[in-house]
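Starting off, we have a lone chain in the form predicted on its own, written out as structure tokens.
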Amino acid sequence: MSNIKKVVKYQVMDSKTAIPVFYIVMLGIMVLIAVSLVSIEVNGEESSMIGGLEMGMVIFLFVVGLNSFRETFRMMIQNGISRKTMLKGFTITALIFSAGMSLINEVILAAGKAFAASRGNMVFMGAFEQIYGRHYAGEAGGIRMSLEGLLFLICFSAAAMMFGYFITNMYYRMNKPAKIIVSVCVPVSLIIVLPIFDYSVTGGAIFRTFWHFIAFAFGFLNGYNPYYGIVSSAAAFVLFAALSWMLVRKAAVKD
């Protein structure tokens, strides 16, 4: 247990600068937008919406996951920390980051809504409300929506961070030719080959099936129920953690 605490502390401290910088940048952008809208109000323009901080956070944590293995792995191995302890430590770190940053986002969202309420041309809305707002007919902005939105964001962002960790582990285990092949072939296949094949051969069945799966996984087919998204995100987190362990347990130290 003491080694897990050391791993968590190391990884938290490793991002102690990046997280404040992220929020400074995001808040700066949102303040600039808000100031612009305040000045536009004089000209009688229609209201505009400000939001998207959550998606920025999800991308940020995905990138953190991408940068959380190589140097940490080498340092931990040199200090006698087992691979299992490393993964447990990262899993806890991912949950801490996701929960902590999600709580900060809720505070920013509440402050933004309060500010927007005092303006006539501004709407401050989180991504969760934009996606699942129709599920809360007559309860928009209520406590239930805030709590469920917080739970969804914690699970979704944790899954994104673990996905980044899985990708960096996968690349770490590959040799250079394999990295080049995957980096080139996967994007080309998904962006060019698959759409052409799907359009000309299957009549769009592949993408219809994919979007139907996404719609079901996130509850869009069931009254926009957010608990589908919460369970799916939690399952993705566990899946990527398991896949990461399959890669980490036999990883060798590389120069």
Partner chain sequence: MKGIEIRNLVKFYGDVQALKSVSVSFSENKIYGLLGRNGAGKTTLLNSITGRIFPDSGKILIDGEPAIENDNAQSKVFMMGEKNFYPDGMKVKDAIKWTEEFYPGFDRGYCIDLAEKFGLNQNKKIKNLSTGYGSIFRLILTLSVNAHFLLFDEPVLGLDANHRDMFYRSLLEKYSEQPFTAVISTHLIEEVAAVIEEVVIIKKGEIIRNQATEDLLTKGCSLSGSAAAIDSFIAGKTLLGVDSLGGFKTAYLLEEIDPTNLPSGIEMGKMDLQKLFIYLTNE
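Positions refer to the first chain, counted from 1. The model shown is predicted, which means the values in this text are computed figures rather than measured ones.
The form predicted together with its partner chain exists for this protein as well; it is not shown, and the discussion that follows is about that form.
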- Per contact check vs its partner chain in the model of the complex (non-hydrogen atom within 4.5 angstroms), the hit among 97-105, 179-187, 79-87, 143-151 is 79-87
- Item | Distance check, K113 to its partner chain in the model of the complex, heavy atom within 4.5 Å | no
- Item | Contact test in the model of the complex: R74 vs its partner chain, heavy atoms, 4.5 Å | yes
- Query: Could you tell me if Y23 has a non-hydrogen atom within 4.5 Å of its partner chain in the model of the complex?
  - Reply: no
- Note that its partner chain is not shown here; using its position in the model of the complex, name the residues of 214-245 with a heavy atom within 4.5 Å of it, in sequence order. W245
